[in-house]
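Next up: just one chain, as structure tokens, the form predicted on its own.
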């Protein structure tokens, strides 16, 4: 490093970390003694390290420092900004319109990635039904225990309470008009078509959807997914396909449990509060719950199961950061899965209840 005058510094071919401390100290001393700008001439510099690049970026932002870079430095700075996604603007400098455009672009990118992932997951899940190679033996049964069997108690309790409360609130109104018997129609249709599938899907999304996202994101951060690929194991077939198959079986069964337990809660209110005969309630319930209603309920549960797994896998594979990223992926997957479940339920309700 050569100092031509007090405000101009010319550097040699090499600029490494050992020179940085002395340079910054000299620049601070110059700033204290004069108000003029400082010129740093790196036009001869060809060899430098990674920390030097960070210092170059720091010099570029200082308004009192004028920098002259060699072509090698200019090329490396451009590559660094491209790979690290260096953003010159702070969050406060971004306009509302620019922010909206960025969010729309991000949504489009996420949607494209989700569609591609969904196609791959369905492909490998279908192959896994007929070909067990590439996945751990007994993995589907293990996932069924975790997602289905362990969720039965909470599904049972919440479905019973919701059926009980729904029946109690409805009975208070029906009793005023002497329409006690219609409580059976209300609770049976309400639980089978709407409440049962929604209750089961929301609970499973909270339990299993977050677990899927957390497991996959942790495997990605710890490079376990890369290790699977090195061992010639496809992560989708080894990790995601067993979860997809298990969820496709478990959620419809949990929905059936939620439906029946919720109806039982209505049975308790109908018999004890409205004075309905148990035989009348059961006969009326059997006549109301047609196969068409069960078809709708199970179709919804199958679609919900696919959404929960796919959304959890999507956020897991696209995790960024360390432990904080795992938490964000799990939280985002639950919120997105519940939102998707409710939107899908609304869309299916329009299809089933209206003729276009």
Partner chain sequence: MMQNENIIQIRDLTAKYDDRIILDNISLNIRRGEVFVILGSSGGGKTTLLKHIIGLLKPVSGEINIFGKNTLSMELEEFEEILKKIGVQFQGGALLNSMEVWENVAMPLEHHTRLPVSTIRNIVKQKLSLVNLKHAYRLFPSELSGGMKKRVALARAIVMDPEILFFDEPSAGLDPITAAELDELILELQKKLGITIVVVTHELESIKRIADRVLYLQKGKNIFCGTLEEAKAADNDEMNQFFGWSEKVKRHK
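Positions refer to the first chain, counted from 1. Bear in mind that the values here come from a model prediction, so they are computed numbers and not experimental data.
If you look for the form predicted in complex with the partner chain, you will not find it shown, but the lines that follow are about it.
Although the partner chain is omitted here, in the model of the complex none of 112, 319 and 332 has a heavy atom within 4.5 Å of it. In the model of the complex, at least one heavy atom of residue 135 sits within 4.5 Å of the partner chain. In the model of the complex, none of the heavy atoms of residue 120 sits within 4.5 Å of a heavy atom of the partner chain. Although the partner is absent here, residue 224 sits close enough that one of its heavy atoms falls within 4.5 Å of the partner chain in the model of the complex.
At the 4.5 Å threshold, heavy atoms of residue 150 stay clear of the partner chain in the model of the complex, well away from it. Screening 230 to 238, 249 to 257, 151 to 159, 190 to 198 for residues having heavy atoms within 4.5 Å of the partner chain in the model of the complex returns a single hit, 230 to 238. Interface residue among 219, 144, 128, 203 relative to the partner chain in the model of the complex, by the heavy atom within 4.5 Å criterion: 219.
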